[in-house]
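Only one chain comes next, encoded as C-alpha cells, the form predicted alone.
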Amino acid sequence: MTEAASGIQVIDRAVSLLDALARENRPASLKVLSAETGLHPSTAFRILASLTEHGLIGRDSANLYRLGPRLLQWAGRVSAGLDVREAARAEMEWLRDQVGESVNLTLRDGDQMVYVERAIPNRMMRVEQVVGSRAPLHVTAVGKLMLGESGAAAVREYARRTGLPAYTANTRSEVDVLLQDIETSRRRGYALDDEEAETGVGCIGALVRDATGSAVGGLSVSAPMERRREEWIPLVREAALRISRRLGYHAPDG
C-alpha cells in the first residue's frame, strides 16, 4: 500500500470512530467502538489516542471516550460562517431603523476585517461601506475588539507584522496607545473608531459570538462624526447580542 493510500485509510478509520461516538451519544469504551467500527482494538486504540491528543476526542478516568472540545469549536466556526449573515440581517435592519445610520457586519480575515453585509438608511448623506471591502484591524472598532480577544502578545506581534500604518492623524499607530485603547474597549464591551480609518467618520462596534463563546464577527454603526451619538452604544451592543444568541451563544451571568 502506498503512503498516500495508507494515510487515506487512517483518515477513513478515524472518521468511522468519530461517527460511532456520535451515534452512541454518550461516552463509550474501546471495546464498544472497536465492535461498532470493525477495527481491531489495537488499531482503534492508536487512532483514538491520536484523536485525543488533538482534542477531537476526550477520554475520562474510566477510559471511556467522548467527542472532544475541538469538534465543538469547529462546529461553531462552520455554523457562524454559514449562518451569521442570515442571523444578522433582521437585527441589522432593526439597528439601522433605531439610529438612522449605516450598519455593518464584518468578519475577520487574517489581519483585516471584511465587510460582508450592510443595512443602509434612506438618506442622502450617509457613510457606506462596500460589501467585500477590507480594513486593517487596528483602524476599525470591531477590529480592535478582535485584537483584544487574542491578547497583548498577539497585538504586539500584529503591530510588528503590519507596522500599524496610519490612515488618519487619529490612527492608533503606536503599539502602547493601541493596547490601551484595546484594553479599555475590551473591558467595556464595545469599541469606538474616532476618525481612525477615515477623517470625518466615526463608528461604534461590538462583537458577535457563536455557541462556543468565540468572537466570529462584529456589528458596527458608521456615521459622520457630528451625527454619532453616545446613546447608540447600548443599541449596538443589544443588536450584537441578539445575533450572537441566534448563533447559539449564551451570555454568562453578570
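The structure presented is a predicted model; accordingly, all values stated were derived computationally and were not measured. By rigid core we mean the largest C-alpha set that fits within 1.5 Å across both forms. Numbers follow the displayed sequence, beginning with 1.
Heads up, the form predicted in complex with the DNA isn't pictured, but that's what we're talking about next.
Only one of 185-193, 35-43, 223-231, 199-207 gets a heavy atom within 4.5 Å of the DNA in the model of the complex; which is it?
Among the candidates, contact is made by 35-43.
Can you tell me if residue 31 lies within 4.5 angstroms of the DNA in the model of the complex, counting non-hydrogen atoms only?
Residue 31: contacts the DNA in the model of the complex.
So in the model of the complex, does any heavy atom of residue 22 sit within 4.5 Å of the DNA?
Because no heavy atom of residue 22 falls inside 4.5 Å of the DNA in the model of the complex, the answer is no.
Please run the contact check for residue 59 against the DNA in the model of the complex: heavy atoms, 4.5 angstroms, yes or no?
Yes, residue 59 is a contact residue.
Close approach of residue 245 to the DNA in the model of the complex, 4.5 Å, heavy atom
Answer no; every heavy atom of residue 245 is more than 4.5 Å from the DNA in the model of the complex.
Quick one: name the residues from 181-198 with any non-hydrogen atom within 4.5 angstroms of the DNA in the model of the complex.
Contacting residues: none.
Using the core for the fit, does the CA position of residue 17 change by 2 Å or more between this form and the one not shown?
Where the cores coincide, residue 17 still shows a C-alpha shift between this form and the one not shown that is 2 Å or more.
Core superposition between this form and the one not shown, C-alpha change of residue 201 at least 2 Å
No, its C-alpha moves less than 2 Å.
For residue 48, is the CA shift between this form and the one not shown at least 2 Å following rigid-core superposition?
Result for residue 48: yes, a 2 Å-plus shift.
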